[in-house]
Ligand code: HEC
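Just one chain is shown here, as structure tokens, and it is the form predicted alone.
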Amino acid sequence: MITCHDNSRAMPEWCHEDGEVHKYLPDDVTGRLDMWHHRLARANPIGLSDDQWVGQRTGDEGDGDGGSRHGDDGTGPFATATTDDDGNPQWVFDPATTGGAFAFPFNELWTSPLRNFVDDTAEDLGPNAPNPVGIDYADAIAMGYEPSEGDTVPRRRLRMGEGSRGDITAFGTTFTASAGDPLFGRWDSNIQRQLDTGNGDDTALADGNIYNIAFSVHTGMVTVRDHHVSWSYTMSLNGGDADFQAVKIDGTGTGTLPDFSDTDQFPVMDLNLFLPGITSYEFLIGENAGLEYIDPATGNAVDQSHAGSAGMLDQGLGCRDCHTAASSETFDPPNAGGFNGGAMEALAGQRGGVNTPTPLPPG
């Protein structure tokens, strides 16, 4: 929650003039967060992930024009297309790699197998190689391409990541479609990175140390605040007193994956995730006391006072000391002094609603 703020995009105090204010750390928090960003559309098709970090907001920097989510040094696994003055795309499909198609009809957006294209560095990457290739629009015109209304191409062209940003691979990630609808189903996600990459913008992992770790999942084509999050947990390799012990695996991240179904070697840890609603860092530490937002789902005023703020500031308590993620969980605070403040599964919906338009600020 420390990265989410009232002025972040889609939060109540945000306005369009603020630009793309992404997650960031408060000024009084030192260091940075190592962010392993597994994008199932932008990098997974070529067996890669995206290596990023989050720091303090020091101006209009980071992805977009505000906020502080940064890519590591180097180049990421995708490039975003531009359009020319006539609205033509930067790239279209190379027909030599698609059976003759330069584009696909818009009405086949959900059914066409041409979901992505790559540059010449990634044609042979990923489980479905060889991949469709994206070529310059001008080259396609020279080859005889005649655009038609509704012609559709991907927005991003995938490529081999370079430098520190290309540290994370994603071999072994699979999707199993449901029986009733091939667009729904189960993802089994695997990402790999060396324990110590040797790069200063990555957190080096070593035996016996304890690390804070948390998870989030964006699903259903949602972004910003309407995504699922976990609490912060602790992780250790070989002996640290932590919530769970990671199992160290030899290898480079490009070889054969182990059998993760062997739960004796790889114990399963179930984590409940929840929708946080408009739970910001300012709300947590009590800065929003006295504010009220109008919930667009109900029309009711939503109080912004957090009863646990004093415990966080004065006693050093964390979210898990007072809350569970799911109502079905047994409450067992990790630290003395906590109390059962209820499950986020129920509480998040009371704070401005979930999956509703942004609540209106006071006044």
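Keep in mind the model is a prediction, meaning the values are calculated, not measured. All residue numbers refer to positions in the sequence shown, first residue = 1. Throughout, rigid core stands for the largest set of C-alpha atoms superposing within 1.5 Å between the two forms.
There is another form of the same protein, the form predicted in complex with ligand HEC; it is not shown, and what comes next is about it.
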* Asked: Would ligand HEC be touched by all three of Thr279, Gly318 and Phe339 in the predicted bound form, meaning a heavy atom each within 4.5 Å?
  -> yes
* Quick one: find which of 31-39, 44-52, 307-315, 290-298 has residues within 4.5 Å of ligand HEC in the predicted bound form by heavy atom distance. => 307-315
* Structure fact -> Answer key, ligand HEC contact in the predicted bound form at 4.5 Å (heavy atoms) among Ile135, Leu284, Ala103, Leu273: the residue is Leu284
* Asked: Applying a 4.5 Å heavy atom distance criterion, does Leu347 contact ligand HEC in the predicted bound form?
  -> yes
* Does at least one non-hydrogen atom of Arg69 fall within 4.5 angstroms of ligand HEC in the predicted bound form? -> no
* Using 4.5 Å between non-hydrogen atoms, is Cys322 touching ligand HEC in the predicted bound form? -> yes
* Do Ile2 and ligand HEC come within 4.5 Å of each other in the predicted bound form, heavy atoms counted? -> yes
* Across 214-247, which residues bring a heavy atom to within 4.5 Å of ligand HEC in the predicted bound form? -> none
* To do: With both forms fitted on the core, give yes or no for whether the Cα of Asp50 moves by 2 angstroms or more between the shown form and the other one.
  => no
* Any CA movement of 2 Å or more for Arg320 between the shown form and the other one, core superposed? -> yes
* Determine, after fitting the two forms on their core, whether Trp36 shows a C-alpha shift of 2 Å or more between the shown form and the other one. => no
